[in-house]
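Next comes just one chain, in structure tokens: the form predicted on its own.
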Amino acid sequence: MSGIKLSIIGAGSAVFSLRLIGDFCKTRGLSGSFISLMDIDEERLNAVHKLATRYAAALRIDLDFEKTTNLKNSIKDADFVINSALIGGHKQLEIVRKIGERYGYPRGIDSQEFNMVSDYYTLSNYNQLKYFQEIANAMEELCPKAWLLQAANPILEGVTLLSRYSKIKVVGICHGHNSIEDLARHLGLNLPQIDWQVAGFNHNIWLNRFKYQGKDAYPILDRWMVEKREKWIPKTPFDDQLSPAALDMYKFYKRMPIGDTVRNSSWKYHYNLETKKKWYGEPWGGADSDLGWNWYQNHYLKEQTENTFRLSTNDSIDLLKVFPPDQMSGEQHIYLIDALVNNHQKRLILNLPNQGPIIPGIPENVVVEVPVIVDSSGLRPEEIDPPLPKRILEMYLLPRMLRMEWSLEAFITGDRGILEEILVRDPRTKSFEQVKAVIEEILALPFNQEMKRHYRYSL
């Protein structure tokens, strides 16, 4: 058993934090550890802290917890830091989005081709990226040997930024690849018998290898498309792995998009609500429509948050029935920690620099999302076999990479002209006056004052 210190930044994100804490409690090899829960929202923080201590006690596992609103206190002497903080929360994201919509940018200026996920902001994300840097700077001072496990979006931009401009060890972690389970279920395949591999960027991964019982499994998907695709109906706005959009992307790119890649598609699927409904299904039109995102915020998030407070205020509820001790959450963070600390080898899907390169054709200082073998000796990315098709590389990944580079160049230089130029190239833009006005109004928001001082025109 190896006791460590884990700091969870943004621990008030109740649903996500409870998944991590539950997984940590179920990983016996991490008994004797200390978990620091940090958030600026004390009400949410108190609720998560109470549930965490109760759950550890119910499992009779030796863990100590603290709660704090101070970042530096939390990460001091940490071995691992998990950052899930969303600066300003969804409330501020929605304010920025509505300004964009008033100026003719449905779903806001941050909804860009190949980056349509509704809370993956890359243009108006100064406050978020700045906080990533603050965490990295504090870690260099207070826990220089620690790992930062970056969970908060935007992972592609954020982990690329930190891997280039900080000295800390950082890796990005997402769960989008879990949609392979949805694909297997729809196709009637036994998941352990599937030999699969994904590769790409965060929220932009493709099923490059897909074998079942040693044979190519893509013909099974082709048969499903002929026999059953007409019967597909989404159960939620996020149920899109076998949507018309996913299948159309597969037809064009010759590989299946996995997870949020289905959402991060071209304008072909996103022109308006009617178009979204055609490609992502009735009645919502996918997660990234007004209807789908309202469902997420007012149904899923609200319900999960209310459940957290209900559980934290009712000591009579048996937490072991709510969070079964024999079930892991599906998140990878604690698996990674356990593999590094206790040498319990694990195959994970991680975001790390493309050194090697792992994916030929992508620069080595760009972060890619690929399978990685992890144990106490470190992280060893798998060879991508077979390689991604040329069409995916040139018509999907490289255009997405350029958008990442543009947004980071704007952030690093503070040149407002770059933000404007990105929007000039947006098909929703009708005039340069429209571009200047929408950016000016976003910068004028009270919570964007530092951002406004940062973004000036180059001389």
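Sequential numbering from 1, following the sequence displayed. The model shown is predicted, which means the values in this text are computed figures rather than measured ones.
The form predicted together with another copy of the chain exists for this protein as well; it is not shown, and the discussion that follows is about that form.
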Taking 191, 194 and 347 as a possible spot, do all three reach another copy of the chain in the predicted bound form with a heavy atom inside 4.5 Å? no
Can you tell me if residue 79 lies within 4.5 angstroms of another copy of the chain in the predicted bound form, counting non-hydrogen atoms only? no
Close approach of residue 253 to another copy of the chain in the predicted bound form, 4.5 Å, heavy atom: yes
Contact with another copy of the chain in the predicted bound form for residue 406, defined as at least one heavy atom pair within 4.5 Å: yes or no? yes
Does another copy of the chain come within 4.5 Å of any heavy atom of residue 36 in the predicted bound form? no
Which one, 58-66, 411-419, 25-33, 42-50, holds residues whose non-hydrogen atoms are within 4.5 Å of another copy of the chain in the predicted bound form? 411-419
Please pick, from 113, 338, 119, 239, the one residue with any non-hydrogen atom lying within 4.5 angstroms of another copy of the chain in the predicted bound form. 113
Check each residue of 381-410 against another copy of the chain in the predicted bound form and list those with a heavy atom within 4.5 Å, in sequence order. 390, 391, 394, 395, 398, 399, 402, 405, 406, 409
